[in-house]
Each structure stands twice: as C-alpha cells, then as structure tokens.
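The data below hold one chain only, encoded as structure tokens and taken in the form predicted alone.
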Amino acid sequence: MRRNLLFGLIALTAVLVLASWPDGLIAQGKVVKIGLSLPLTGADADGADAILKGAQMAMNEINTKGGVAGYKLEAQVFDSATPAAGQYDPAQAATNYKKFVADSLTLAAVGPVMSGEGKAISPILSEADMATITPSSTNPDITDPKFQSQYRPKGKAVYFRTVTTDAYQGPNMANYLFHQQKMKSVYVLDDGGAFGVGIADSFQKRAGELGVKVLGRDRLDPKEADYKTILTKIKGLNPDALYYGGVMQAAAKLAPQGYEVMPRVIKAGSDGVYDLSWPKQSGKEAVEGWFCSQASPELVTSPKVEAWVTKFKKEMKRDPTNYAITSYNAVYVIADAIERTAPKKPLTRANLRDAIQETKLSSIQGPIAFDANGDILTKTVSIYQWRDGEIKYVAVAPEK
C-alpha cells in the first residue's frame, strides 16, 4: 500500500509539473494536431485544395513511417471562406484559429492562404505563442518589425513563410514587364483586399522607379459584376499594360471583360491569378496571354521534383501547384521542429515555435531557413503566362 501510495504521489507530482509549464499545454496521447484553415469553398477553392492536399501528403508520408519522435500528425481542417464573402473571410479565419488555440493538442498550423486572413490571425497566434507556416500568404506587413505591436504584440515571430513576400513579388513583376515586355505605361487595379492593395502598391512603386508612366489606379469591388465602365476608361488612355493586384473573385470577371474591351493590352497579375481553375471560371480565350507570378521557385516542372509530382497526382487525384509543394514543405518544417524538440524539452507550442525559428531544412524547394521575423531567406519570384488554357513557366523574375 505504501509503495502504491508513493507511486501515486509521484504521478500526481508529474501531472502538476506538466500543468505548471509556462504554456500550460503539452501534446498528449502521442498525437500532434496541425491546424489548417483554408478557403475550401468560394472563388479561391481550387488553390486552397491544392495547398490542403500538399499538407495531407506530407502528413501521410510521416505517419506511414511511424510518425515523428513517437508522435502521429493529425490534420485539423476548417473552411475559412463564407457564403457572404464568396471567398476567404478574415473573420472566419480568426474564428478558426481561436478553435486551434482552444485545442491543447494543436501545437502549430499550416496557412493561411490569404494575407487578409494573416492579418486577422497573427495577433491570436502571438498571444498563444503558436507558430503558423504559410505556404502562400505574401503581404510583408505581417512580418515587418514596424508593425510588431499590431501583428505580434508579444514580440516573437509566429508567422513563418515558405514563400517570399510581396516586397519582392510585385517589384520583380514590374522589372519583368519593363525589361522583357518593354512596358512603358501601365494602369493599375486592385481588389481592395489586404493582399491585392499591398501587391498593387509594391508593383506601382517599382514601375514608377523604372520610369514607367503609371496612368492611373482604380479599385474593383469583387462582388460587382460589371467592370466595363472602368475598363473602357482605361482603354481610352491607351496603356501598354494592365496590372491587377488581387485574387480570383474579381479576376474571374475581369479576364473576360478585359478580353472584350482591350484584347491587345499586356495583362498581368500575381499569384492571386495562378489558379488552375481560372480558364474554367473565365474561359480559355479570356485568360490567354495573362502573365502572373509566384513567390517561389518554379517546382512542378522541375526534373528533380518529377517523382513527387507523379506521386501527388496518383494519391491526391489532381494536378499540383507550386504552393502545394510549399505547403508540403511547411509540414516537414513542423515535423523537423518536433523531432528536435521532443527529446530535449516538453513539446509545447512555445518550444515548437522556438525550434521552427531555428530551422535549417533541406527540402524539395531548396534550403528553408527563416530570418528573425519569420520570412524565408530565399527570395525567388517566378513568372508564368497562360497559354491555350494552361499555365506555362516563363522565367525567374529579375531582381532589378
């Protein structure tokens, strides 16, 4: 009896010690949940689906091999789009991340897809000492130290990226259009979202620095059906190019109307229009010739990723995107952090965040490491063009 009593006291003491750790949280039951809040319905659903399946493939691989440091990975998936928004909804993303924080087994997240969501969730993550790794969100403000009090009030980086930011994506597209397409004048549009406004700003600033004449700037309401009045006005200014900063809800209508009103003008956007469903949404002819960018290296046509692409198509029953690969790698960043943390420290959100900060991982997209703010150290931006209903890789965007 006395031996049993002693054993019970030891067990009780252990429980109290665990409960007293700074986070008050610890992975239990040998399961670590990874939160995924993505716009799985609405205008951006196809791109989000590719990102979800990239993460799922990584988790399947890791769990098939027995997990990581004795832990199985489990996806906790929520839709961040709402019928009212018709696309991603920052308020819904915030609600989803509060659910992640309320679940003590959810120690990190992959996402969000959109920068507007990122601005809504980052303070929640900071308060919880919980890291997320976005495979696609590129607005630089979220990780900029100038906005630390707004997006990470507790100080430490919590918003990590496996893609670079619009501080490079927008300017480098301007460089490409100026040097390779001989753009001398441009009209700029955005969709009013955090991402769309930010990348249009960065593109417009760089275009001006290059001496390109910026003929004007307008904002499209993504819920409006008719942009022809704006497009007709732009046509009258006779620009060499039209640049659109935004995502699919407005792009789906802009492409066919732009094709009708001003078919010969150079048209370009960002990763917001790198969406494999765009020809279905807008028509193959309407998207023909559009340029777009990605805030990552070109991966899906790389010979070194051929086996990965074949496996993805077989297991996930769809074509991959580059951001499916950056999502896949985001899961491996978390797994690597678990492997380094679990043998030495309690597996808490804070300890996992600290380990993610110290990442030095070799991956199928190249080396992954982060600066003190959470941004990936590599800054590659890739240029694409829509041709005959398919998106084709063109080149690495020039940095100057």
Partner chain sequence: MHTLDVLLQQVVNGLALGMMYALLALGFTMVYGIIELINFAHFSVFMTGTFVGLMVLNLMGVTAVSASLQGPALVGTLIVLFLATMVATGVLGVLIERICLRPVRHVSGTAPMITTIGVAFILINIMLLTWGPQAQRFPQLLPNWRWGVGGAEISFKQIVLFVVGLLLMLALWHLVQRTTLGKAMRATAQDADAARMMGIDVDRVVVVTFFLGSALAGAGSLFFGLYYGFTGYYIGYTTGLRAFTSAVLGGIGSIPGAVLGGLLIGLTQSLGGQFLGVKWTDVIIFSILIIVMVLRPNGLLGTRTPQKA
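Note that the coordinates shown come from a computational prediction; the quantities given were computed from them, not determined experimentally. Residue numbers count along the first chain shown, from 1.
Separately, the form predicted in complex with the partner chain exists; it is not shown, and the next lines address it.
Checked against the partner chain in the predicted complex, the residues Gly208, Pro145, Pro153, Gly236 give one hit for a heavy atom within 4.5 Å, which is Gly236.
Of the residues Asp103, Glu127, Glu285, Glu74, just one reaches the partner chain in the predicted complex with a heavy atom at 4.5 Å or closer; this is Glu285.
The partner chain in the predicted complex comes within 4.5 Å of a heavy atom belonging to Thr41. The partner chain is not shown here, but in the predicted complex it comes within 4.5 Å of a heavy atom of Asp46. Using a 4.5 angstroms limit between non-hydrogen atoms, Pro297 is distant from the partner chain in the predicted complex. Although the partner is absent here, Lys223 is a contact residue: one of its heavy atoms lies within 4.5 angstroms of the partner chain in the predicted complex. Partner contacts here mean any heavy atom within 4.5 Å of the partner chain in the predicted complex, and among 215-223, 298-306, 162-170, 111-119 they occur only in 215-223. Although the partner chain is not shown here, in the predicted complex the stretch 242-260 places heavy atoms of Gln249, Ala252, Lys253, Gln257, Glu260 within 4.5 Å of it, in sequence order.
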